Structure formats: structure tokens, C-alpha cells
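Only one chain comes next, encoded as C-alpha cells, the form predicted alone.
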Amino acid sequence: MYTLINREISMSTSSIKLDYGNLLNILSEEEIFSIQPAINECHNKLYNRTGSGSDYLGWVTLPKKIREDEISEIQSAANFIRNEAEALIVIGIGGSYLGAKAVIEALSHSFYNSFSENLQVFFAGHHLDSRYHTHLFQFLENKKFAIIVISKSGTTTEPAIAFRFLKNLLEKKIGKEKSKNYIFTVTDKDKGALKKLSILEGYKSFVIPDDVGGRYSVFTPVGLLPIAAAGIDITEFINGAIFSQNRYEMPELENNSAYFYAACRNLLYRKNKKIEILINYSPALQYVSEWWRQLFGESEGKDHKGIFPASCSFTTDLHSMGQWIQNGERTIFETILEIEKLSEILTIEEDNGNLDNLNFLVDKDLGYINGQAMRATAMAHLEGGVPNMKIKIPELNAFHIGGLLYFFEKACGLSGYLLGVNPFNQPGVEDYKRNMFALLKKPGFEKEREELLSKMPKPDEEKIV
């Protein structure tokens, strides 16, 4: 039986806190603090830009560099969308949509798209499914809608196809000239197909900084424009990131919870804990988990290295994945997201019949019950051999979500350097694209197509059961 030890790394009651007490059965504090020299070295790589991928380190100091006029320009476009459109379609894939999706889902009403008075926000171009996009286009037939298309190059297959369809639909509805006012692009400052089209057609365009990669781009117009259009206070969101930026500028583990988190997961990886499951106890955080999975998966999964990032939503997934987590292969650890202060309270009332046998919970609120489920599950998993740590979010608001996302960005950059990989490229992603372009007969990929077809089994050689 293990004893729960409450140990937290934090410098402020209003900051993100890390409770690592449930790791101490597998990691000693001496062991954690022993890698401080390695932390210092990786920290210097981030700030001196001496590590691999140094051309993409603009995100490290980005929050404090966002100018007031940039915020005003973004807010002005967002206000136009909110005032003039019934629906907004955000086109992008990977880091070009996940950050905005995560923040909007976390901070909006759970059923925000169901209220007629709200701007409805939908996403497209993040897959190639014809059913989804057909249904979206059908839905938009009777809607006044705006488009935000996000792509550095403008030629990424999934968003480019979606934009072609949606641009044509919008132009048929309201005319080519008027549609220009309802299309906003987020792209390279001076090159690429989407930038060229923006100039040609007169679209309002926002810049993706050259030194910020897609999965680290949530504090650029990539994230800020859709988030603002959804009615979320981007100034508070940025302030939360600035708060975290200030908190994590020094490398000492005892004062830096982001680095402490990176250190712990790196040491667990060395002990054969190859899978990290990010656990949330609120559906509002589901897409924060999706964003986190891309951030760490695409940053660390290189050179046959890297922790596999998975996620679960509890208590829902306790009824599907709980058995495996409790008794399956012991190659996993958990990181739990806890919201400390809840804004909604639901209290259990007494029922005279008590047929559901719930009267023992009378006068207890649902948040308290959820919290006890979280504590009970963490202890059960710990006793089952699954170490876990907890990231405490003071409250679910724009400030703290901004702080949380920067926390993860900082931890991820450092963690990649600790692992010995370049956290800012994604060479493996290009492999599937090359094969796809070859099979689709894209000009310039004739040689690749010939080589690929020579390796693929012929129809009469396929092994089908």
C-alpha cells in the first residue's frame, strides 16, 4: 500500500501547480533534482538558440512580444465576424486548428453551437472525410458564414481542398466581390500560395511568424483570431501566457513546475514508462488533451525515441479503459488535470423513495463527488503500479488556460532536448505526404510514384481474408 504524499511545485496560488507526490514510489526527490545540470543545459539551448531546431524558438518569448496594435487588429476582424456572420468555419489541420479548438471548447458553453444567438464555430480541412464535409456544406446552405483559413503554405492538401469547396460555396451564395469581406487568411508574411491568393483577391490576412512552428502557434493569429471570434477574451488569454512565461524563465527545478514536469516524465521514460496518459475529469478539457497529444507526439517522436502520448476522459473512460490501466502492462504513467475552483455547482437533493440508493450523497455537490472519484482512482492506479502526477488549474478561465498551454509548450521544448531530439521538426510527417502525392499523381512526383508502385503488392498478390 502506498501513502499519498502531497508535494507541490508552485510559486503562486494563481499559477499552475504540479503535485508529484504519487511519483515518489518510483522516483526519489534526490533522483529528480540530480538532473538539474541537464536541465540547465537544455534551458540554455532554448534561450540562447544553440540547440537543434533553433530557427523555431520564437514561441519561447512570444507572449510578452505581442503588441497592442496586433491584438486590436485581431479583435477588429473578430468583431466583424461576430456581428456579420451566423457561423464561422475555421480551416486548418494539426497545430493550425487544435489550439483554437482546445481553447474554444474549454471556455465556451458546453452547447455553444446550439444557441441561435451565438456565433456557431465549426472546423474543416482537418481530415479528408467526404461525409463530414458534405454535411457541413449542406448545413451552410442557409447560413451566413465567414471563413478563417490557416496554412503557412496554402498547399497543405486537407485544408486546401476544404478551402476550395468553401470559397466556391460562399461566392455562389453572396457573390465573389462581397465574399472577400468574409474570408480571412492566416499565412506566411510574404510567400506561399495562400499569401499570393490573399493579395490577388484582397482578403484580410494575418501573419504566422517565421520562427514559430504550427504546434507552438496558439499565441499567434493562428489561435488568437478564431478564439477572439468565438467571444473569448484574448487579452486575458495572453496575460495568462505572460504570467507563465515569467514564472518559467529560470531553470531551477524547485521554482519551475514546467521543467519539473519535464524532468519527471523524462526520468519515468528511463524506467520503461513509455506511455503517458493525460487524464481529464471534465469534457471541457478533452481538446486540451488533443492539443497536448499533438504537441508532445510530434515534438518527441523521433529517432525511434519518445513517450507515446495518450489521453482519457474520466470518469467516462474508467468504464472502457479503466481495466487496462489498472491491471494491464506496467509501461504507463498518468498526468491528471484538476480544476481547483468550479464555477457551476449542482447539489444532490433527497429523494423520499431512495430507489437509486443515492441519499447518502444528499447535500453534496457534483464537483465534490467528481473530485473524490479522481482521488480514489489515482490511489487505485497507484496501488496497481501506475505512478501519477497532478497538474492543478486554479480555475477554468482564459487567464489560466493561457497559462496552462504555455506551461505545456515550455515543458515540451525542454523535454525534447532532454530526450536528445529536435523538438521543432516533423520529418516523419513528410513521408506519408510524399506517398500520397505520388499515388494522387501530383506533378513532380512521377519518380516517387514509380518507386512506390514497384513496392506495392499487385491486386492478385494481396493477402485478403
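Just so it is clear, the model here is predicted, and its values are computed rather than measured. A residue's number is simply how far along the shown sequence it sits, counting from 1.
Here the subject shifts to the form predicted in complex with 5-phosphoarabinonic acid (PA5), a form of this protein not shown in this document.
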Exercise. Just give me the single entry in Ser96, Ser244, Asn256, Thr185 that has a non-hydrogen atom within 4.5 angstroms of 5-phosphoarabinonic acid (PA5) in the predicted complex.
Key: Ser96
Quiz item: Since exactly one of Ser289, Thr156, Ser282, Thr377 fits, which has a heavy atom within 4.5 Å of 5-phosphoarabinonic acid (PA5) in the predicted complex?
Solution: Thr156
Quiz item: Can Lys152 be called a contact residue for 5-phosphoarabinonic acid (PA5) in the predicted complex at 4.5 Å between heavy atoms?
Solution: yes
Quiz item: Would Asn266 count as a contact of 5-phosphoarabinonic acid (PA5) in the predicted complex, using a 4.5 angstroms cut-off between non-hydrogen atoms?
Solution: no
Practice problem: May I ask you to check whether Asn397 falls inside a 4.5 Å heavy atom distance of 5-phosphoarabinonic acid (PA5) in the predicted complex? | Solution: no
Quiz item: Quick one: does Glu298 come within 4.5 Å of 5-phosphoarabinonic acid (PA5) in the predicted complex, counting heavy atoms only?
Solution: yes
Quiz item: Just one stretch in 111-119, 330-338, 271-279, 212-220 has heavy atoms within 4.5 Å of 5-phosphoarabinonic acid (PA5) in the predicted complex, so which one is it?
Solution: 212-220
Quiz item: Taking 5-phosphoarabinonic acid (PA5) in the predicted complex, which residues of 256-294 have any heavy atom within 4.5 Å of it?
Solution: Gln294
